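Coming up is one lone chain in structure tokens, specifically the form predicted alone.
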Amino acid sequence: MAKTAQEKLDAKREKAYYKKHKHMYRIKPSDIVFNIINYTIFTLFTITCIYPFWYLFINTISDNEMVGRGEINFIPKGLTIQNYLNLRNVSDLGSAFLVSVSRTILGTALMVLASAFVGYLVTKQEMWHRSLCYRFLVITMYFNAGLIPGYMNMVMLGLTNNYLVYIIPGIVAPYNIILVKTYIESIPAELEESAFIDGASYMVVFRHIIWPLSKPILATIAIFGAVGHWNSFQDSLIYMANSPKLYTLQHRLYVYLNQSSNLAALASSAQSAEALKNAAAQQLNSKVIKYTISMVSVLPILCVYPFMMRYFEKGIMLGAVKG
């Protein structure tokens, strides 16, 4: 396709500009040295972040005897997927996985919905005692009753050994509400005013204007919530003492970590050769299971996070800075 006169003129101007300012585009030796150092540092940092996950993965798909001897460091050997198939024989692992998935999905969805609605609510000047309610919400970020009072509170509410203890305490997240509030305040007020003139209610404005425009910040807090729910094990450890069926996947991993330590102590204190052999075999089995469960625990977040990253980068900046 032939170029138009305007395109030719623009190309000519661009060529003349580059010729006039070509000294600005010349790469200096100091720039080359800086780039080499910069890329080297970030490459090493990337390798440092990725290697632990790679180490876990190659140890789960390698021969177990080589794993026990510590021969698997960079490249997998004796490839096998038997360790993942053996997870079917680990008691309560399936139910623990379902509990973690369900609490992550349900808890994150309710937290995002509550953060969006409350964040929008506290931006309204006509809200009853708006400043008092907002300050009271912020204060909860800095003051915590502690472990024992918190446990007693859950007991009185009947939430111990109850699945709802995973969901209800995390619905209202003050930090996320602040991010959403700041983001909503950056949305042009004229959009709401035009909707109110047309007779729209607050719920209509929230559903059709605020919610769609707030997707970047909502995706950001969804990442925060999902990672927090998925990685949480302390609430399961503290509040589910009598309900093993409600243990989370991270709690099961915590149990196997403790078992691995106990078996290591048993192996070191064993007297007879047969007892030492049995303890070492149990320790190896526990070690491989620990690696495999760790990999299964990490994979879902690793798969979801890259797809949410573009929302995270945009939302965290717009929600954190008011302007």
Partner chain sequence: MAKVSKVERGVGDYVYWIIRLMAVVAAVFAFLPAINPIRINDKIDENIALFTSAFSYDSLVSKAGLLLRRGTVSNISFVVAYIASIIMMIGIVILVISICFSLGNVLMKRFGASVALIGSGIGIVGAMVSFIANHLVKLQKFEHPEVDLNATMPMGLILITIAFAVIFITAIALRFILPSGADEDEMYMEPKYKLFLMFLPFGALAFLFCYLPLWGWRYAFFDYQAGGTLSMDNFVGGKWFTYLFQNAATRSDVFRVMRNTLIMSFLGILTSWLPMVFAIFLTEAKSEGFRRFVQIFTTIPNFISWVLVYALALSIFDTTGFINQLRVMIGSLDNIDNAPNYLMSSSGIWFKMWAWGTWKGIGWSAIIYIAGISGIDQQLYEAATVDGAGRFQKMWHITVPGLLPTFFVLLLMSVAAILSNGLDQYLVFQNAVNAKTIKVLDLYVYELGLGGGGSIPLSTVVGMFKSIISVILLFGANALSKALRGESII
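Quick caveat, the model's predicted, so the values are computed rather than measured. Residue numbers count along the first chain shown, from 1. Note that the rigid core is defined as the largest set of C-alphas that superpose within 1.5 Å between two forms.
There is also a form predicted together with its partner chain; it is not shown, and the following applies to it.
For the options 211, 233, 97, 163, the residue carrying a heavy atom within 4.5 angstroms of its partner chain in the predicted complex is 233. Between its partner chain and the residues 109, 219, 101, 154, the one pair within 4.5 Å by heavy atoms in the predicted complex involves 154. Contact with its partner chain in the predicted complex, judged as any non-hydrogen atom within 4.5 angstroms, is confined among 80 to 88, 211 to 219, 111 to 119, 180 to 188 to 111 to 119. At a distance threshold of 4.5 angstroms between non-hydrogen atoms, residue 75 is out of contact with its partner chain in the predicted complex. Contact check for residue 169: a non-hydrogen atom falls within 4.5 Å of its partner chain in the predicted complex. Although the partner is absent here, residue 244 sits far enough away that none of its heavy atoms falls within 4.5 Å of its partner chain in the predicted complex. Within this chain, residue 147 lines the site of its partner chain in the predicted complex, having a heavy atom no more than 4.5 Å away. Contact annotation for 223 to 251: residues with any non-hydrogen atom within 4.5 angstroms of its partner chain in the predicted complex are 224, 227, 231, 233, 234, 237, 238, 250, listed in sequence order. Annotation: Cα of residue 61 displaced by less than 2 Å between the shown form and the other one, core superposition.
Core-superposed comparison between the shown form and the other one: the C-alpha position of residue 71 differs by no less than 2 Å.
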